[in-house]
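In what follows, one protein chain appears twice in different forms, each by itself as structure tokens: structure 1 and structure 2.
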Structure 1
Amino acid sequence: MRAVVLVGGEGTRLRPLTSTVPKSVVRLVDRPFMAYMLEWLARHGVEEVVLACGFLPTLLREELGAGERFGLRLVYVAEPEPRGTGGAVRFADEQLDGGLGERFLVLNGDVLTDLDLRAQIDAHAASGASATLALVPVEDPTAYGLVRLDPRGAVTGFLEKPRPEEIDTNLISAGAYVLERSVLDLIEPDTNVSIEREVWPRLVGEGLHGHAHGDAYWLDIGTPRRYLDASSDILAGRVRTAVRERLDGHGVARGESCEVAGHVHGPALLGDGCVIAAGAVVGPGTVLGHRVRVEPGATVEGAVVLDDAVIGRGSTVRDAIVAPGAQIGADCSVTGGAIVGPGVLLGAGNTLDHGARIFPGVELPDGAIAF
């Protein structure tokens, strides 16, 4: 079976992490985010994945190649201009020899999940639906597409980003669809079409079904908060991924040539060549990329610090993201979901909190921001 994965969005909500690389190849724990999706699809017997890109996929190609290491074939399709979530599927169909086939999968490219696609495909075949949406329960559906079902699983209503007073179910669309070819006829060619806003409403009562995945793990990694949650959930094994196998009995994975004089408390993952100085602490739920240096007396906890970043003497990085090559000076505090962008130089004694975002190229002098 073929699957189209939509990866053409700009990922604006994850900036500055996505200022220099597309969301799908942003590193999540120890691999590009898309690797999790591809491993999950391969486990469900998908043989070919079409990556529907909104712009030239050079970086994606470099990172993911032809797909052999994931056990499937990767095909890259680049839209001449962004076509929207529906238009991208139609465009992909037109670009492929033989099209997408009679039945295929469509996936949003920013979802970390282990839901049982096989069960959904079986339910789709049994019901005779033209489209079956994966549904997952969430506490607050206001940021998602709320889906109402009748007792037979037919969708009776689809509300994109509902207002609080409209919420009468906790089931939302998880961005994973099984489609029959006939759905493509509802998408005008060469046009920007949203599958959520323009296609699903037309299919309500006309063969649109939902399949509820009650106990699956599901997270849209599109915001810094959820990116951090995804990292700690992977380390803690709350979602089934290949990363868990790398952790030792203390829940720690250490890359090659690490020098650890300080303390590391699992679950935590250190890339190759990390240096943890004496008196430094790497706490639970932390990911360090390759060649990260944590200087004496510094603490990193529940945080993601990517390749070649430096955490200065006595600094604290907690519940925050430090992008590749960023340097945090001495005695800084970076907490509360803050993101320090690629290559940023943060002078000594700065305090970042409350989701602060520092964009690439910025150099903050000593003590520039102190709350």
Structure 2
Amino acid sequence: MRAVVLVGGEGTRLRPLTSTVPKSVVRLVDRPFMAYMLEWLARHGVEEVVLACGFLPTLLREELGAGERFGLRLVYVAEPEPRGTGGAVRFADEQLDGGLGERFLVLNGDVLTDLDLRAQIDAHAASGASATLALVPVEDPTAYGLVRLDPRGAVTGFLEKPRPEEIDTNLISAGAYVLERSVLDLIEPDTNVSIEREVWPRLVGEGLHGHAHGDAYWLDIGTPRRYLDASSDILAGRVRTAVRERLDGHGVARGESCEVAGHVHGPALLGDGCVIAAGAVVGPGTVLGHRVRVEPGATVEGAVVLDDAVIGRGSTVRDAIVAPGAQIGADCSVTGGAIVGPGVLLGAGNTLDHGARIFPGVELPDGAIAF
């Protein structure tokens, strides 16, 4: 079976982390984010994945290659202009010899999940549906578009961001669809079409079904908060990935040639060549990329610090993201979902909080910001 993964977005909500690279190849713990989805698809018997690309497709290809290391084949299709989710699927079908086939998968490329795709495919085949949406329950349905089902699993309607008194289900779309080829007939070629807003409503009562995954992990990592949550959840084993196999008895994974004179408390992951100086503390829920240096007296906790970054003497990085090559000066505080972009030089004594974002290449002098 083939799968189309929609990776055409620019990841604007994650900037500056995505200012220079596609969201799909941003590091999530120890591998590009898209690697988790490809490994998940391979576990469910998918043999070929079509990546419907938009933003910086060459970087995507350079990072992921032809797919051998994931146990499948990757095909890259770059849209000439944005065509929406439905238009991207139709365009991908037109670019492949023989098209996508009679039955195929379509997936939102922003999602980290371990839901049981095989169960959904089997339910789709048994129901005779034209399309089957993966559905997951959420605690607060008011923030989402809800999907209503009848007792047979057929979709009866959608309810966008309902008021509390309107809520009669807690199921939302998980961005994973099983489609029959007939669905493509509803999408005009060379047009911008939303499969969610324009195609699914037309299929209500005409073969649109939903499959509820009650115990699956599911998270859209499109925001800094969710990116940090995903990192923490992977380390804690709340989602099924290969990362947990790397952790030792103390919950710590260390890359090669690490120098650790300070303290590291798991669950945490250190990339190759990290240096944790005496008096430094790396706390639970932390990911350090390759060649990260944490200087004496610094504390990093519940944070992601990517390749070649430096955390200066006495500084605190907590619940925040430090992009590749950034340098945090002495006695700084970077907390509260702040993001320090690639190559940023943050002088001593600066304070970033409340989701502050510093974009790539910026140099800030000592004491310039108290946000």
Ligand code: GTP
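Not measured: the values here are computed from a predicted model. Throughout, residue numbering runs from 1 along the sequence of structure 1. The term rigid core refers to the maximal set of C-alpha atoms that superpose within 1.5 Å between the two forms.
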property	result
Selected structure - the one that is the form predicted alone	2
D185 C-alpha moves between structures 1 and 2 by 2 Å or more, core aligned	no
C-alpha of P80 off by 2 Å or more between structures 1 and 2 on rigid core	no
Rigid-core frame, C-alpha of G273, shift of 2 angstroms or more between structures 1 and 2	no
C-alpha positional change at E166 between structures 1 and 2 - rigid core reference, Å	4.4
